[in-house]
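Let us start with two forms of the same protein chain, each given on its own as C-alpha cells and named structure 1 and structure 2.
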Structure 1
Amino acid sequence: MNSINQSRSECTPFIWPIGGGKGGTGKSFLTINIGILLARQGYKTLLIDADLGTPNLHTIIGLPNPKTSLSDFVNKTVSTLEETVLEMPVHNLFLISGARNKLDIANFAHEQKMKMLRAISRLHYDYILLDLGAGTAFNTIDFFTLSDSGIFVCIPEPTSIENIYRLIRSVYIRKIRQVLQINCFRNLAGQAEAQNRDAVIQHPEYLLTTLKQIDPEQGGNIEKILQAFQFKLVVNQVRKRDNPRTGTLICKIIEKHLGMRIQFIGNVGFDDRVHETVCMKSPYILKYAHSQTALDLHGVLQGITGGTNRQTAALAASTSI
C-alpha cells in the first residue's frame, strides 16, 4: 500500500453519501466512475450500495452474482461489515453490494440501521462512497447525516431541481432533530409554526431562527454544526442547450432559504454512450476515458478531493487501470 493509503486508511475515512431527489439522475453512474478515479489516484476506495430497496452497483460494474451483500451483516450471517467487502478488478477499489439483499431490508429496524452506520464509520478506507436510494425516506436522510460531507446529484429539469431542494431541506431538518431531543424539537417546531404556519414545511430556516431566539447558545451551536457541512452539488446529463449556471443558481437559492452553503462542483455532460456502457455492464470511465463527459468527471473529482488542475489534467490523460 502506498503512503497515501497508509496515512488515510488508518484514520477516519472520508465518507461521501451520494443522493438525489428522484431516480434517474445518475447517482450510481457518479458513484462508480468517481470511485474508479479515486482508486486510480492511489486512494483505497470503498463503494457501498446503500440503495437498500433497488441496488444496482454490482450490475453496472459487471459483477452479476456477488457472494456477499449488506444483508449478510444486517442479518448477522457475518459478524463484521468488513466481511461483506468484495475486491474489484480496478486496483484499490472495493464494493459492498446490495445484490443479495432481502426485500424487507429497506424497512429494517432503527437499531439495525444505527449498527450499520457505526460499522461504516469504523471501516479503514481512504474514501467511502455511499450510493443512496432516491427520495427523502428516513434511511436515505440518516445516511446523509452520517458524515459532514455529501454529494447531491440532479439533472437540469424542473422536477429534479425541485426534488433536490426537498432532499436538502429534509437533511437540514433531520440534522436539527438529531441534535435536539425529540420533545424539544416538537416544542420548537410548534413555536415556529405559531409565528408562521409554513415555518416547518416551506421555510425550515425559521426553526433555527426561533431556536436562536429561545436559546441563543444552543441555537448558535446547531448553526455551527449546519455550517460545518461540506455538501457538494453536481448537475448531471447537461446538454448544450441547458443553462450551465443551473448548479450555481440552485446553491444560491439553498443558501438564501436554508443558510446552508453548498458548493457546486461541476456539470457532467450528457453522452448517449452512457446507456451503452450500462447495457455492457462496464464503467463508462474505463471505456471512454478521453471523452468530454470523462473530463467532466475529473472536474467533479477535483471538487471532492481539492486536487489541483495539474492533477486533474494528469488523470484525464491516463488510461491505465
Structure 2
Amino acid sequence: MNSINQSRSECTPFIWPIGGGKGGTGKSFLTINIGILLARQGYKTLLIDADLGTPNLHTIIGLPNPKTSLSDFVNKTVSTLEETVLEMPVHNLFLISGARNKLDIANFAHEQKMKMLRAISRLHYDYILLDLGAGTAFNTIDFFTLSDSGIFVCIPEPTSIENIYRLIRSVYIRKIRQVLQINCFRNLAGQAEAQNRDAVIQHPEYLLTTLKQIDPEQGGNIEKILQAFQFKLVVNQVRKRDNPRTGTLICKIIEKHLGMRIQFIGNVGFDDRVHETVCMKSPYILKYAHSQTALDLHGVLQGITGGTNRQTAALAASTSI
C-alpha cells in the first residue's frame, strides 16, 4: 500500500451502499468483485454484509463459518465494531459478516441501529461497500443515510426494473427527509408540508418547487445538496439480445420525472461461469480476470472511483437521521 492511500484511510471513507430488488440481481456479486478490484488498486476496502437476517457474503467469498459478525456488535458481545472485522485472503480486503440470526437484527431497536450506522461511518477505510438486503425495508433504506452516494443494481427484466424504481424512489424520499431534518431547513420544510401535504411522499420533484417558491435561497441550498448525491446505476446480467441502452434510458426517466440525478455506470454481461464460481466459492474476478464480464466490472469500478463522495454532510450536521 502506498503512502497516499495510507493517509486517505485516516479520513472519512467513501461509503457505497449497494441496493437492488429481490430475486438476485447481483448485489453480492458486485460487492465482492468490485471490492477485490478496489483492494488490488491499493485501497483499504471493507465489505459489510448488511443483508440483515439473510447474510451470505461470507459463503460466496469462501468463509463458511465466520468467527465474528454484526451480531456480536448488536448483542454487545464485542464493544467496538472494529472487533468484528475479518481479514480476507486478498490483501487490503476486509469483511464484516452479516448477522447470523434473523432474530438478532431484523427488528432491532432504533437506538441500536443508529449506534451501528455511526460506528460504520467512523471506521478507517478507503472504501466501504455495503451489500444490502433486497427490497425497500426500513432497515435497508436507512443504510443510504450513511453517505451521499449509492449504487443501484437491476437486471434487464420488467420485474427487476419495477423493483429498482420502487427502491430508488424510497431512497430518494428518505434522503430528502434527511436533508430537511437539518436544523436550518426544518422551519422551511414545515411550511412546505403545510402547503402541500403529499408532496414529500408522492412527488419529491414538486416538493422542491414548493420549497424554492417559499424561500428561493434556502430552497436553492437544499437543491444543491440533493444534486450533490452520487447515485449510480448498474445493469447486471445483460445478454446479447438485450438493449444496451436500457440503463441510460432508466436514468433519463429518473432525472426527468423524479428530478434526481443518477448516472449509468455500465452494463455487466451475463456469464454462465458466474454460477460455477459461486459454487466453487471463489470470486469470479480472480478466476476469469480477462472475460468480457470482468472488463465490464472494471468499467463499473471506473464509474465508482471516478467521482468523489464523502460521508454525508447531512449526517454530520444532524444528530437524528
Partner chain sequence: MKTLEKLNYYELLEIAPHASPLEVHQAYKEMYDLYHDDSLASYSFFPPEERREILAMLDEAYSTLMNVKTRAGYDRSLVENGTLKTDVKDRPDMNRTVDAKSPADQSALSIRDNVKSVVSSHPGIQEILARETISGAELKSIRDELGIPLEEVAKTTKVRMLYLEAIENDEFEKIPAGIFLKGFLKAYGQCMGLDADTVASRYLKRMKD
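Note that this is a predicted model, so its numbers are computed, not measured. Each residue is numbered by where it sits in the sequence of structure 1, with counting from 1. Between two forms, the rigid core is defined as the largest C-alpha subset superposing within 1.5 Å.
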(message) Please identify the form predicted together with the partner chain: structure 1 or structure 2?
(response) 2
(message) Is residue 176 displaced by at least 2 Å at its C-alpha between structures 1 and 2 when the rigid core is overlaid?
(response) yes
(request) Answer yes if the Cα of residue 80 shifts by 2 angstroms or more between structures 1 and 2 on a rigid-core superposition, and no otherwise. (result) no
(message) Once you overlay the rigid core, does the Cα of residue 235 travel 2 Å or further between structures 1 and 2?
(response) no
(message) Can you give me the Cα shift for residue 211 between structures 1 and 2? Core-superposed, in angstrom, one decimal please.
(response) 4.0
